[in-house]
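The chain below stands alone, shown as structure tokens; this is the form predicted on its own.
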Amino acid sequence: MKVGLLWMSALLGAATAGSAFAAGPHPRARPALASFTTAQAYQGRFAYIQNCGECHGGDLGGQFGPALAGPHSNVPWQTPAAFYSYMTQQMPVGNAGGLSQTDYLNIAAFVLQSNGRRAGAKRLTISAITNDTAALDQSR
């Protein structure tokens, strides 16, 4: 009888532990997407044209530098954090890291929008970029 009670107790303990584990995020749950405003992406377009357009093309389709949107782009499968990190450390050529944080965030918002992301109510922040683990282009 004692063995039966111990076994039942162990099963209940495992079931309880299992239910706590099962309460975690659903494996198919979509990650939180970084939010940006329409105004921020609009401002980012101008900062992009001034600082990036000569190499990456006015339409982000590439020129001397790779495309940042469209069918030949090399960034749609990257996370916003990977893209932002590279951009702020390596771009623009000849002035790497030389733009203001606001300009980098606005340009990132413009690139996100150009890759199919929709604007929201909150401005893009570094924290939002870091927590967004989805690909830039959600349609791929």
Ligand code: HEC
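Residues carry their position along the shown sequence, with the first being 1. Only a predicted model underlies this, so the values are computations on that prediction, with no experimental measurement involved.
Heads up, the form predicted together with the ligand isn't pictured, but that's what we're talking about next.
In the predicted bound form, the ligand sits within 4.5 Å of a heavy atom of Cys52.
Looking at Pro92, you'd find a heavy atom of it within 4.5 angstroms of the ligand in the predicted bound form. At the 4.5 Å threshold, heavy atoms of Pro66 reach the ligand in the predicted bound form. Within this chain, Ile107 lines the site of the ligand in the predicted bound form, having a heavy atom no more than 4.5 Å away.
Proximity to the ligand in the predicted bound form, defined as a heavy atom within 4.5 Å, singles out one entry of Gln113, Gln78, Thr37, Gln43, which is Gln78.
If you take 69-87 and check each residue for a heavy atom within 4.5 Å of the ligand in the predicted bound form, you get Asn74, Val75, Gln78, Phe83, Tyr86, Met87, in sequence order.
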